[in-house]
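Next up: a single chain in structure tokens, the form predicted alone.
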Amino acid sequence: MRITGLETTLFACPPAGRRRTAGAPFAGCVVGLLTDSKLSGIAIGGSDLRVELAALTRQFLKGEDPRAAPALWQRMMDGRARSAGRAKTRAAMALLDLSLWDLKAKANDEPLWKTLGGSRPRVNAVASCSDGTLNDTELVKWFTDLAREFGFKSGMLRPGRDAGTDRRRLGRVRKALSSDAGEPELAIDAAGNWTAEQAIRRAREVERRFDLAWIALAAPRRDATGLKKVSDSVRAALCAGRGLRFPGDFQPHFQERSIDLVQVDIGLNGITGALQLADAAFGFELPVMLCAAPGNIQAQLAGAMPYVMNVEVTAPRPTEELFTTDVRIEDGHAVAGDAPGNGLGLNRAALARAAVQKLPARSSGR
């Protein structure tokens, strides 16, 4: 089996019925890595990366056997990413790596988790609401619906304008997620918008009432010293890693012991890079959280990684008819099925109707 070319489609579709949270599918790019067999590798991203995807495929992948996914990833890393270092190039590499592994698993006629050498993943899923514009009623309804239908017991939300707002909203989310099984895990995703000093002040005020499981990006993602200061000053675990593109970007955090939970984003690190990062984190006895991805395919990796604490979920199932996924959320856990490949399936007719020439100015490909 050899790679013969690339197929990319930009799509944009209107909200599906209910108010959308930031991270639900809306617009993005579908990648199809073509071969001389009937198989193709599928991945979905949130940005227009057509130029970068075409250049990388032409230079590094065309004519190659996609089953050599780790070697091809390393070839792209050595030949392009270290010299350019651009975010779009790295995101394009990650999408191609996802497509390569999808092809590798399909060639084996088995699900991705099995091709990766893992057991069937059943990993704690965190309901993540990154839409800070939701009012309290909308926020409570969103988490209540997820708890009722999918059994979520963990929730993460963006902070409000002050600690008082955070305490109020966390209290309502806690009530929405509470069950006979006990108190839910609560977390805050500060998205790197706080300085270390702001994070310490806000977290201490919130921790007077709540035991937060973790705080994500409590300071800018590259500020290892600042994150270490926060980690030493609050009770909650510190979580960071989303947005870091190279394994070397994580090294200061490992050396400083500035974070307690490592975010691994397959949208920037691909599958091969994500596995490398998980192994590195395990060497420092650190667990990982897999960041949200379209169709929740990140859950496929959990059974092959040494220490996965949870996976982030922004949409338990695709809210558009463009694609399906073989990863289901049940009883608050993400569980992968047995469909060959990464579990993503495309509705070609719906994709054709949603195809566009240019993505909206603010888009999300979850």
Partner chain sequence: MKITGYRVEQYLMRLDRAIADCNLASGVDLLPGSILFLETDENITGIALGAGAGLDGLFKFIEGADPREVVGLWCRMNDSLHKIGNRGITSFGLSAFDMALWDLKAKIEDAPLWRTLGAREGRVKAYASGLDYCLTDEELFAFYRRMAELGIDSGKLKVGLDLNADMRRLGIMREALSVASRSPALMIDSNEYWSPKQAVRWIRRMEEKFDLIWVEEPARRWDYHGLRQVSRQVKAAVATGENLHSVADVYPLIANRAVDVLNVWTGHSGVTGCLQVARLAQAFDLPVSMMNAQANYMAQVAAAIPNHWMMEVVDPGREHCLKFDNRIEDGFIVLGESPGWGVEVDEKKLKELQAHPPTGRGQFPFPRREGAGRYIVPPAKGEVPW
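Numbering follows the first chain given and starts at 1. All values derive from a computational prediction rather than experimental measurement.
The form predicted in complex with the partner chain is left out here; the points below concern that form.
Partner contact region in the model of the complex: 277 to 285, out of 188 to 196, 236 to 244, 277 to 285, 211 to 219, criterion any non-hydrogen atom within 4.5 Å of the partner chain. Interface membership of Thr144, defined by any non-hydrogen atom within 4.5 Å of the partner chain in the model of the complex, is ruled out. Though the partner is left out of this view, Ala68 does reach within 4.5 Å of the partner chain in the model of the complex, counting heavy atoms only.
The closest non-hydrogen atom of Ser119 lies within 4.5 Å of the partner chain in the model of the complex. The partner chain is not shown here, but in the model of the complex it comes within 4.5 Å of a heavy atom of Asn108. Of the candidates Leu49, Ala304, Val30, Ala315, Ala304 is the one whose heavy atoms come within 4.5 Å of the partner chain in the model of the complex; the others do not. For the options Thr89, Thr115, Ser154, Ser231, the residue carrying a heavy atom within 4.5 angstroms of the partner chain in the model of the complex is Thr115. Shown without its partner, the chain has Pro247, Gly248, Gln251, Phe254, Gln255, Arg257, Leu275, Gln276 in segment 244 to 276 as residues with a non-hydrogen atom within 4.5 angstroms of the partner chain in the model of the complex.
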